[in-house]
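The chain below stands alone, shown as structure tokens; this is the form predicted alone.
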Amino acid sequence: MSDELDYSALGLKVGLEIHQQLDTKHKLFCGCPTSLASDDVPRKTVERYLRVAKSEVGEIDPAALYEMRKGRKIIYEVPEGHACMVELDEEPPHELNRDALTITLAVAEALHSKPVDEVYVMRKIVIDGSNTTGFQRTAVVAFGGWVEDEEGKVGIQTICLEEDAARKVEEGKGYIKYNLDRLGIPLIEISTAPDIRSPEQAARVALKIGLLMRLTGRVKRGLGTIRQDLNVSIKGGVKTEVKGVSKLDLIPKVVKYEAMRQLNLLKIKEELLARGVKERDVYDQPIEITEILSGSGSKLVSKALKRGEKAYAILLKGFKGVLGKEVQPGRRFGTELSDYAKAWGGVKGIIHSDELPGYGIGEDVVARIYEVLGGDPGRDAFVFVLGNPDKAFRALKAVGGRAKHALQGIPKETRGANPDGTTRYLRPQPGAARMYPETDVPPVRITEDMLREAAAIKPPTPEEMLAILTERHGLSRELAEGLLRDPALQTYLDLVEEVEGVPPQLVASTLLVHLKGLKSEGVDPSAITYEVLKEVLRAVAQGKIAKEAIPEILLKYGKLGGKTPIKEIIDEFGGVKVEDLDSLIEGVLSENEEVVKAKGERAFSLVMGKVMGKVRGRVDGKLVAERVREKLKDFLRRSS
């Protein structure tokens, strides 16, 4: 499968949904703090089940129905001081947080968006347990606007203010557990138009919007505070939602691999239609094949049967060879079917004919399965699962439905991003029936005073930011422009703000030079966390190590795989006292007495080189130079 794609010919369209937590004192609809609870905070637990109901227009949302059918018990942890009766849905929400609204208006102005005259809160049905109410509260604050990009403007569709969901902490058989500390933290959601035409542009636009919000100084930082969702489509396909892209550098891969998946699904559709396959050729009525498999000698089957499970199969006429076709790197069409079986039936996966013989299942067993199912081994395929009858039937019903949809092309679904950039099935896409008005929160009229407050915290433009970096921070224009183009800008601003006494020039060079230089040494720069950088720079600012030690410390930490605490490595490069440095210099002068006498003050370079060879990284080079000059003069004076 070729990795090279012509995105223009494919008609690639990408839209972004960027969610960023706001750094307010209180949650969106109550007075609880917006900080997460530590592990030692006392907490109570509440258990519930959530059910779906028809919306006000008389429809049931398919995504909500899917979640309800899982039948899972929801367990909520309620940490003391971090959640209240509002989060538990035992008390009506309070008025909308005005501070959060002001920040959202400031971001809207920076994106050239037009604020609404009045903000109305809506309910968006969500019954996976992440919201105790069974819905998420959200409000549109502004429409329109744009982001400048080198490939052209990317439009902004909506800017919303909503409550963040509860934090999932555990998941097991028949239950899921959430912590309510995150539920209700104000969240700004920025949705772009599908104007993005390449994976690289998607990453750039996400970076620009994220940077813009960071520059307000009013958004939270750290892991989990910003999340990106993608809407991806190609010509002949449908818009596919990809959830949970937490890292910027993963965005190009997700876009590329999702476009690749959709292209390959369209090719599979063409091949099936060319074979004359019809929907009626997919037999989604499972047939038991336990007896056939019991004598196969397969360890996988044997273990399942010992657990009391049975084997059921369905026939897919005309699908021979299709299930083994790769749709994304490491993922085949059979993987797509397996995702559906896992999601809808709760089974561990599927086994299909394109991967047999295998798993200890020989050709004779495969032939017997074809015989029982009434299939043609040269043209047809089959899928079987191991499990109890209820799970197996639900799983194979879902597999059959997904196989039938292969004749239409790309299903409309919500997918999740995998760590390698590929995507997996999560659930059906929600419909319009999921949104309806919130009756417990009064609307908020946008006033001139609110707009003036928002204007006061409007983030700077890139041009204004460049001026801050060069004039206020004293960076060279070249270095400042490099930061503006680099995702490290956000990290740079955080470090300059949080590490007292560290020169901005040093922070910038650490991020743009030293950190990126690790690649040539075989170390992944992403392995160096923000906390590690902060510790190293703080040690320089406090005089514990010399700035020259930074590359060596980061390299050693990276090569050790982060297993050795950074403080231990910093201690290894600990500073040299002035008196010890003087003794060392005098020793070098004595060892090279004849040469030094012959060269006089011109011996500085020689002495400096030998001393630095012994203290490099443990003492600032400027201090070494000062002490070498002074000691050299004293030595020459004594010698004369």
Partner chain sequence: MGSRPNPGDLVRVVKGGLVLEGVVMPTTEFSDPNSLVIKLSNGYNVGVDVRDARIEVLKEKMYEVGKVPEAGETSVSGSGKMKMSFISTGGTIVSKVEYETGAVKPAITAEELIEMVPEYKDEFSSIEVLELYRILSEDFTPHEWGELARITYNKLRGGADAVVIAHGTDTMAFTAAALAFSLRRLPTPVMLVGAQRSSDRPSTDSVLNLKACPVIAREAPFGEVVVVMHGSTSDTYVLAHRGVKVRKMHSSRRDAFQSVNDVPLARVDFPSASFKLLNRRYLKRSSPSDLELRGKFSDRAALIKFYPSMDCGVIDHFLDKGFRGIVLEGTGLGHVRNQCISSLRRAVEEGVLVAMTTQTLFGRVNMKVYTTGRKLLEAGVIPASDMLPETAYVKMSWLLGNYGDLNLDELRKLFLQDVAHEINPRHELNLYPRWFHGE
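Positions refer to the first chain, counted from 1. Here the structure is a predicted model, which is why all the values come from computation and not from measurement.
The same protein also exists as the form predicted together with the partner chain; that form is not shown, yet it is the one meant from here on.
- At the 4.5 Å threshold, heavy atoms of Met85 reach the partner chain in the predicted bound form.
- Contact annotation for Lys114: at least one heavy atom lies within 4.5 Å of the partner chain in the predicted bound form.
- Though the partner is left out of this view, Asp354 does not reach within 4.5 Å of the partner chain in the predicted bound form, counting heavy atoms only.
- The shortest heavy atom separation between Arg445 and the partner chain in the predicted bound form is within 4.5 Å.
- The stretch that touches the partner chain in the predicted bound form, counting heavy atoms within 4.5 Å, is 40-48, out of 587-595, 26-34, 605-613, 40-48.
- Only one of the listed residues (Val366, Ala203, Val140, Ile209) places a non-hydrogen atom within 4.5 angstroms of the partner chain in the predicted bound form, and that residue is Val140.
- Checked against the partner chain in the predicted bound form, the residues Ser233, Gln328, Thr102, Thr133 give one hit for a heavy atom within 4.5 Å, which is Thr133.
- In the predicted bound form, Lys114, Val116, Asp117, Glu118, Tyr120, Met122, Arg123, Lys124, Ile125 are the residues of 106-128 with at least one heavy atom within 4.5 Å of the partner chain, listed from first to last.
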